[in-house]
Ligand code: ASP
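A lone chain, given as structure tokens: the form predicted alone.
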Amino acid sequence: MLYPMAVIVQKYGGSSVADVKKLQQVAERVMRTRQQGHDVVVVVSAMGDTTDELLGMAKQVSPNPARRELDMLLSAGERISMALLSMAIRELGGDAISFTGSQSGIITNDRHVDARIIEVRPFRVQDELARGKIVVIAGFQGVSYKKEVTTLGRGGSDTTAVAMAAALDAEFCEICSDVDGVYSADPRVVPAARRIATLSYEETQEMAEAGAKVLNAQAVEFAKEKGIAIYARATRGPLPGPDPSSDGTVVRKSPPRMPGTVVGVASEKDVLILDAEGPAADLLALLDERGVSGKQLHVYAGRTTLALSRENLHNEAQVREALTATLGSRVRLGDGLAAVSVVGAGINATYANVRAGSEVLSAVGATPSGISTSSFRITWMIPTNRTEDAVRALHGRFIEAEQPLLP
């Protein structure tokens, strides 16, 4: 009796496919996975800085390019990668076929530049796997229910990979990059940052939302819903062995960790705080109309406060004009701010961590102007020019100075 092979989904980021030589190294790794007896689906990002270069050209042509046309342009980067990788795999004797996001069945809503996946219909992918082929998919893109090409925003290739893994009921999804897992902070900022062996879905989502360059938050949501493990690993490293957390990071349900432990420190610069008086419905309708997404929304006693990432604020000048025209002096956009966060399950059982973090930030000249919390996160709003000092201070207080638990 023949049993179907396990499906493995692998995603390779831009630095892993930055040039032809690296593409060929990825092809070799894909072939090793195939030779272990797995069905393999590969999701690729654009090569190196291709997306930034395309965006730069668009800005030269138009200061405020139409979002639809941006999607048509930016989605070309991943199509280049998928075709070249498919060719490289074939040169090694593999039977590969490449698909765009739409061809692979990635269906999104009708937002451009930051679309969300609403459904995956992987029929063509399943057909080609059944024929014994390696399927290479362009990440970061899909097609809306209006048949428009869309892109998924920062980290969108992660979302493609995990959504496809969920739709295919894959054994696991491997996210490969130039780093060997998720770290407790950016090692370029904090030399003492540590690789985290295991993370829960919730911790990973919070770190992504807080600005850490880790897995995409929507990608983790797909994994959580289907219970799929995510292995974050280095492209140059070995294939996952019996203990994949030994040389990478495994994201799964409830890793073995004492509640109340801070696992990571994340930061995001260029955060704006929108503060408005009057009915929240009017303000939120205006932001929806302009395609402005935010986070940490608070509405109380006629005041609305919302944190906005500048990278999500497309056509900023026009948005500012619309806010002033609609709300006049009743709206203010606070600038020059950054958000620094600590993340971990159960860290807000008391206010001790909030108080301790506020004290160390004030001590390094990053006195917070605002604080917000969730079940897994504490975020402080600080001046942007103090961001790196703040990250180092929080990491030192909550991770490097962590005391061992006594029995």
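For every residue, the number given is its place in the sequence shown, counted from 1. Being a predicted model, the structure only gives us computed values, none of them experimental.
The protein also exists as the form predicted together with aspartic acid; that form is not presented, and the subsequent description refers to it.
Chemist: Should Asn348 be classed as touching aspartic acid in the model of the complex when contacts are defined as heavy atoms within 4.5 Å?
Modeler: Answer no; every heavy atom of Asn348 is more than 4.5 Å from aspartic acid in the model of the complex.
Chemist: Going by a heavy atom distance of 4.5 Å, is Ser86 a contact of aspartic acid in the model of the complex?
Modeler: Outside the cut-off, so no.
Chemist: Check Lys295 for me: does it contact aspartic acid in the model of the complex (non-hydrogen atoms, 4.5 angstroms)?
Modeler: Looking in the model of the complex, residue contacts with aspartic acid do not include Lys295, since no heavy atom lies within 4.5 Å.
Chemist: May I ask you to state whether Arg154 is within 4.5 Å of aspartic acid in the model of the complex, using heavy atom distances?
Modeler: Result yes; Arg154 sits at the interface with aspartic acid in the model of the complex.
Chemist: Find the only residue in Val340, Val343, Val30, Ala46 having a heavy atom within 4.5 Å of aspartic acid in the model of the complex.
Modeler: For this set of options, the contacting one is Ala46.
Chemist: Which among 38 to 46, 357 to 365, 59 to 67, 378 to 386 is in contact with aspartic acid in the model of the complex, heavy atoms within 4.5 angstroms?
Modeler: Looking at the partner contacts, the answer comes out as 38 to 46.
Chemist: Need the contact residues for 77 to 96: heavy atom within 4.5 Å of aspartic acid in the model of the complex, sequence order, or none if there are none.
Modeler: Result: Glu78 alone.
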